[in-house]
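Just the one chain here, the form predicted alone, laid out as structure tokens.
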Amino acid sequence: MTFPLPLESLLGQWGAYGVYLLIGIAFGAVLEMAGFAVSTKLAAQFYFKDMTVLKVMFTGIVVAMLLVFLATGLGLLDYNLVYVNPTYLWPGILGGLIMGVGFILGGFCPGTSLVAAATLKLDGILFALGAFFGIFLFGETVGFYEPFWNSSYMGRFTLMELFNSETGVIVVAVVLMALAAFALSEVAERVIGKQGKAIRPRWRYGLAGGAVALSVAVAFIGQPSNADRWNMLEAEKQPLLDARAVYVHPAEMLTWMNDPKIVNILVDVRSEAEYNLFHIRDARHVPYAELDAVVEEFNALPDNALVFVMSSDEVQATQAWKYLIAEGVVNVYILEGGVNNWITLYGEGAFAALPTPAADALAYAIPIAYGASHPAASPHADRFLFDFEKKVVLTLKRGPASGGCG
């Protein structure tokens, strides 16, 4: 089993909440021990007098980054299921500036104010109450500037996408940048903060060297490709294909398509020419080579979502199923017999069958580009009665789960 673990399915809802509570308490305790419950210590960061905030938070970022990508490279973690806050560029910049001003004026960020409040510090309690009031005001007024609030959406945008670089290169660069920031922060504390040359443990140099070595190891190991991830899952997932447990009869797919409680995503991986000739109602054209562009979207689908992949027959659709499964997408099924089978069942003889169709190509001669305008693209289920074995079972999603320090 790869991480992150599906805690709710393993421990139940309350058991999972217990784990979350323990993690939250531990995180708060670490912040308090680092001095993050003292507003003057936090505010000193902005005057370059005490750089504890940078050191603690940057250390947390570096350690988490190294462990996440090392575990991913070793096949222990599915990075697609690790939550990354979606980027809304301009709202994010404005929100960061507002929060920064509030941090300087009040001496806390929302997370550290709760740490201070937990230790019964009056300024922390007042700041936390102010944060809650600000949340209330935001909720009551967001409708006035909602277009801006949702603007410049960039999705799951990371440094790898920004610099179009390999993960390992970014990991090494971030570690080196952190060490440089630590060195400069100590200079700032001596020169601006007048702290003098404090006695610092020499073993920190060993930790710094270890971080660099670990980052190089991450770069050397690399990150698993889609093929690598499928190889890790093949023993578990290939039997589903062999038993045809994920090949769904067209009548069952049509039933789900007409269920208002289900979010149906129909993915047609055929060529654009075949898609334009005929495709099922609401089917999206996503060629196999472009599946990576929809993985993030599919991993964020709600629990009541089903993804059906289809090709003219089953070959390309099966490959697409493997790709999506390897990327952590759940509730993915294949249209049994593909679009050809759909036309056979619902076309009512409108198209002539080709005598010798190519492999995984349309088996019917379609004279014009119907798209989804032909009646067979959106048949009425009550007009066609077929016996079929139900295959679809909604699976609890394993992620992504939200997070952050607030």
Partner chain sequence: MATYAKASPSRAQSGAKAARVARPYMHPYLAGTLLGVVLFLAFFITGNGLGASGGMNRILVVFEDALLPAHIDRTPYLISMAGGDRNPLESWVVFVTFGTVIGGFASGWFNGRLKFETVRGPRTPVKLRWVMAFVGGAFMGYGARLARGCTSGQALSGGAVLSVGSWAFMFAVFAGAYALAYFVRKLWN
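Numbering follows the first chain given and starts at 1. Here the structure is a predicted model, which means the values were calculated and not measured. By rigid core we mean the largest C-alpha set that fits within 1.5 Å across both forms.
Same protein, other form: the form predicted together with its partner chain, not shown, and the subject of what follows.
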**OP:** Quick one: find which of 327 to 335, 227 to 235, 307 to 315, 124 to 132 has residues within 4.5 Å of its partner chain in the predicted complex by heavy atom distance.
**Re:** 124 to 132
Subject >> Option touching its partner chain, based on a heavy atom within 4.5 Å in the predicted complex, out of Ala219, Cys109, Leu277, Met257 >> reply: Cys109
Original post:
Which of Met51, Ala377, Ala361, Ile366 has a heavy atom within 4.5 Å of its partner chain in the predicted complex?
Top reply: Met51
Original post:
Can all three of Asp242, Ala245 and Phe384 be found with a heavy atom no more than 4.5 Å from its partner chain in the predicted complex?
Top reply: no
Original post:
Does its partner chain come within 4.5 Å of any heavy atom of Tyr323 in the predicted complex?
Top reply: no
Subject >> its partner chain contact at Ser165 in the predicted complex, heavy atom, 4.5 Å >> reply: no
Original post:
Is there any non-hydrogen atom of Ala350 lying within 4.5 Å of its partner chain in the predicted complex?
Top reply: no
**OP:** With heavy atoms only and a cut-off of 4.5 Å, decide whether Gly206 touches its partner chain in the predicted complex.
**Re:** no
**OP:** Scan 78 to 112 and note down the residues that get a heavy atom within 4.5 Å of its partner chain in the predicted complex; none is a fine answer too.
**Re:** Tyr79, Leu81, Val82, Tyr83, Val84, Asn85, Thr87, Tyr88, Leu89, Pro91, Gly92, Ile93, Leu94, Gly95, Gly96, Leu97, Ile98, Met99, Gly100, Val101, Gly102, Phe103, Ile104, Leu105, Gly106, Gly107, Phe108, Cys109, Pro110, Gly111
Subject >> Cα displacement of His285 between this form and the one not shown reaching 2 Å, rigid core superposed >> reply: no
**OP:** Note yes or no: does the Cα of Arg190 move by 2 Å or more between this form and the one not shown after the core is superposed?
**Re:** yes
